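Here you get one chain, nothing else, as structure tokens; it is the form predicted on its own.
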């Protein structure tokens, strides 16, 4: 009997720990922004599987079916759920393919901007002195020029294309990462683990990328998630002005530009691409806010 009591106690403790672990899991799941994550997942799948799920070729046009309203309209067709544009191209198919463009521009633009800005910010914060002064003066010069004006100049000089949009985004956004990472690096390089790494004979490159950078990943990821929505609007704005992705490649911004003169007579040409942009940007912003709260201990305790 004496041996059974401790065994039962251990079993109860183990059960209690498992219940507590599952309770924490369910609590984390309950805090997830399910709707934004669902929208982002749908857009991601649409972009990846566009050749499979798009009902029509986005560049296939037929003037005989131009300006068809959505399927629920008496004049609409079930073959074209969201209607057609002035050239008879399927709106739904073009929105699905446009999601691929937005995702490519968003992830590549944010990825390259984050990489360049983080490396320069690490160098400025860790080495200080002349390195810090040169990098931060470049940042100050860049911040003194309106970002969209710089984007227009670069797009006009280089020439409108998908590659141009990505280059413009990197040139415009890297300064935000540089300033943030520099500030965090200035604080982290005073920590004991950095001093111990120096005593152990670690090189500056190893200290930067092995000891300091891992402590900045959460901050960089949150900033990248929040900026993803801004990048999507940036790309849509350039495409709207004709300086972004060029026809016949479908892009949400160029679809808005094509439909602006038909707002009164064919509202679906601009409403559906606009809704796609709004939902995508709103979802990325909400997901970024959740990540910020998740990675910030002070906010997580509230």
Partner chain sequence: MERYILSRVLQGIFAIWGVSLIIFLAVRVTGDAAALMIPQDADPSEAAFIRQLYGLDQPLHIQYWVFLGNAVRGDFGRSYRWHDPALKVVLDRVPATLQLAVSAALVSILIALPIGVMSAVRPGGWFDTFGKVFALMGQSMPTFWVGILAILIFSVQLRWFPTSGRGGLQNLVLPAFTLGWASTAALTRLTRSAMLDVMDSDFIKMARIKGVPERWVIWKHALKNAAIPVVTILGVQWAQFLGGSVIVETIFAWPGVGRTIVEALNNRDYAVVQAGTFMISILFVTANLIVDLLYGVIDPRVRYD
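In this text the structure is predicted, and so the values were computed from the model without any measurement. Residue numbers count along the first chain shown, from 1.
Although it is not shown, the form predicted in complex with the partner chain is what the next lines describe.
At a distance of at most 4.5 angstroms from the partner chain in the model of the complex, all three residues 156, 277 and 286 contribute at least one non-hydrogen atom. Mapping the unseen interface onto this chain, residue 236 counts among the residues with a heavy atom inside 4.5 Å of the partner chain in the model of the complex. Remark: residue 267 counts among the residues lining the partner chain in the model of the complex, judged by a heavy atom distance of 4.5 Å or less. The partner chain is not drawn, but in the model of the complex it has a heavy atom within 4.5 Å of residue 243. Of the heavy atoms in residue 271, some are within 4.5 Å of the partner chain in the model of the complex. The candidate stretches are 35 to 43, 253 to 261, 62 to 70, 49 to 57, and the one lying within 4.5 Å of the partner chain in the model of the complex by heavy atoms is 253 to 261. In summary, among the residues 162, 202, 152, 213, the only one with a non-hydrogen atom within 4.5 Å of the partner chain in the model of the complex is 152. With the partner omitted here, the residue from 127, 209, 148, 107 that has a non-hydrogen atom within 4.5 angstroms of the partner chain in the model of the complex is 148.
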